[in-house]
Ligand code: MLT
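As structure tokens, one chain now follows by itself in the form predicted on its own.
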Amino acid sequence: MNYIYEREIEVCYTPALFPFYNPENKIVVVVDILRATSAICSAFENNVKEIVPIANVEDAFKLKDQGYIIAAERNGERVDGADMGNSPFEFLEPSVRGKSIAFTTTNGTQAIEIAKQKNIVVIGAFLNHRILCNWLIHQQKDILVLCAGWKGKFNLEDTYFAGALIEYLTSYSNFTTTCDSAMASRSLYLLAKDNLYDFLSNSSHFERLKKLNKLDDIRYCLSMDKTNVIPVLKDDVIVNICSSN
């Protein structure tokens, strides 16, 4: 298939840098590999009805009385009183199928909150990498990848994912980039693509989750194309727009 218009890809390493970008008329791909966006993809693969991303814990718990399942995480651990944390395996449980989830996390839902103003926001993870890339190819819009990072700081796993996205899109469609952060992300991907798990083994969030005995979460979140979903934010609610699931 031939595409006429060349499109640009940019990468924002952390939400703290988002004000320096112009997301207008672009698709913003929010990514928090360990673990929020991976959990969201897992949820929709498990036929969850919808997910409401919420920046703070107090507002998430307000939806408890409205029948929402409360999924809340801070610093890698489930918040006291929440039904779930943000392990993707929790979102794969049969008990959540068809349910609505109020979701708040340390980094991922904060990034969604920052990105959502008048932008098209889609959720990215290794778990939905290929189907997301193919969807992006057909949207005919520029792309800004927003890495959730860790508390406003750069992290390796989200940046690596941005590089994987760029490598696919520039190889199979008419995407290009003149953005240094995007070029660096692609270089990181090419450096580590043969063994990402080992490459990340000394990273800060890997160590954080390792101490919490979450190595299985890490392995799963680094798995390619385990889900067939495209989670998109619509009217402040995340829904799956992939009809083939």
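Quick caveat, the model's predicted, so the values are computed rather than measured. From 1 onward, residues are counted along the sequence shown.
The same protein has a further form, the form predicted together with this ligand, not shown here; the description that follows concerns it.
This chain is drawn without this ligand; in the model of the complex, the residue among 29, 34, 51, 41 with a heavy atom within 4.5 Å of it is 34. Remark: of stretches 174 to 182, 203 to 211, 42 to 50, 58 to 66, the one touching this ligand in the model of the complex is 203 to 211 (heavy atom within 4.5 Å).
Contact check for residue 105: a non-hydrogen atom falls within 4.5 Å of this ligand in the model of the complex. Using a 4.5 angstroms threshold between heavy atoms, residue 76 counts as touching this ligand in the model of the complex. Looking at residue 86, you'd find a heavy atom of it within 4.5 angstroms of this ligand in the model of the complex.
Of all the residues from 131 to 162, the single one having a non-hydrogen atom no more than 4.5 Å from this ligand in the model of the complex is 150.
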